[in-house]
Each structure stands twice: as C-alpha cells, then as structure tokens.
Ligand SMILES: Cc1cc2nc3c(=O)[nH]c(=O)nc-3n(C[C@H](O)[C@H](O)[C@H](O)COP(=O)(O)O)c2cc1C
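One chain is shown next in structure tokens, namely the form predicted on its own.
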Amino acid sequence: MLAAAGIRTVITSAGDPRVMTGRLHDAGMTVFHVVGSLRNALKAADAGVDGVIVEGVEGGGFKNPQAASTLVLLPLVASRVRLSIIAAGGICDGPSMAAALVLGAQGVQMGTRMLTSAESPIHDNLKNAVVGADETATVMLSVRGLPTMRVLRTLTAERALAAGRSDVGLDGIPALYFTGDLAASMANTGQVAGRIAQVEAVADIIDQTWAGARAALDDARARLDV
C-alpha cells in the first residue's frame, strides 16, 4: 500500500525495527525508527535503519516511565550511533532546535507544535487547551487499562490518576481530536505545550524556527567570546 502510494520515507516505532526495515528497503524506501533509549537506538542501527528519531520522555504520547529526557538521551545516542539523527521531545522553536543541533541532531521533529498549527485538523478546543497550558500542564499517566502516556492534565486525566484506572479508552480519541470533547479520551501532548503561546501557520512556524535556530547559535557564539 505504501509503495503504491509513492511513499518514499517511512517512520516506524514501538516495536522491533527488524520486522519491517528490510521489506521497506526492498521497496526503495528510507526508514527512520523512533527510539527512547540508547539500547533501542543500537537495536535500530543493527536492524539497518537509515536514521533514528530520538525522543525524550518530555515528548507527548506513549512513553517508558523510566525514560530519559532529550537533553540526556540525544547526546548519548549521538556519541554511539553513526546514523542520521532527528531530535524530538521538548522542541517547538529556534532555540530548542539550536540546542538539538548542538547535541548531535541533524534535524528536529515538532509534534505538539504542529498539532496546534493553523492547518492542523484537530478541534480548536484542544488547540486552545495547549496554548493555554503552562509547563506543568502535562502528566505521565500510567494506570490500569492504558499504556503509559504523557497527556494533557485534563479533568479526565486527573480522575484516572486518582483512581489508578481510566474510565475512558483510546477509542475516544477521534471525538477528542475532531469534535473537541476533552473528556472523551487522553490528549497526548508534550511538556513543550507550556512554551506554545499561539496558533500559527505551518510556514510561519518553520520559517521562525529556522531563523530562530541560526540566531540562537549566533547569540551563543557571541556570549562565548565575551
């Protein structure tokens, strides 16, 4: 199906990268695998992937509760893995991109930032909840019946934390994302929500991030010379 659609790059995650990498390569595709630990990065490299997406525990979505932050994980993987590296988790603008480049990444992935872009199809209720969030507005939710996830600290998430279980499942995600019912499920959101101040067009986000990264690196060099 991917080959028929003309897909040239595939991102895999949450499983053994050996399962699909060979087949995807045979179809002429480039494969990046998402990793949350050095062990997973080494395993992905052994599987022959073309690159890894190193995502720290501050990122949104499914997570290992014992995982390391991007600040710790990224330079560790960069020191041991000779592959193209994309950094994810905690990145939403030029300064955070500049930090990722300094720590060994060749590029960045911004999930929560793009989730709240003007072109994103999710409901304004969720976009506004992210824009209105502060740096403490996410929680690592690990309760019976659900995989561990970093989610927005909604009333639904708070109730699940208090009860040690969830009364809603992941099947309510379409209602949450597309009808704006924040009680329908868990809103996978990174800690970087606390740094997103407004909804902007994707083109503007990319332009500002690229220009901001260069400016941040220039500023750092200038401060080093003082």
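Residues carry their position along the shown sequence, with the first being 1. Nothing here was measured: the structure is a model prediction, and the numbers come from that model.
There is also a form predicted together with the named molecule; it is not shown, and the following applies to it.
Contact with the named molecule in the predicted complex holds for all three of Ala88, Ile91 and Leu115, each having a heavy atom within 4.5 Å. In the predicted complex, no heavy atom of Pro95 sits within 4.5 Å of the named molecule.
Contact between Leu152 and the named molecule in the predicted complex is not found at the 4.5 Å heavy atom cutoff. Residue contact check for Gly104: none of its heavy atoms lie within 4.5 Å of the named molecule in the predicted complex.
Proximity of Val77 to the named molecule in the predicted complex falls outside the 4.5 Å heavy atom cutoff. Of the candidate stretches 36-44, 22-30, 159-167, 54-62, only 54-62 contains residues with a heavy atom within 4.5 Å of the named molecule in the predicted complex. In sequence order, Gln109, Met110, Gly111, Thr112, Leu115 are the residues of 96-123 having a heavy atom within 4.5 Å of the named molecule in the predicted complex; the partner itself is omitted from this view.
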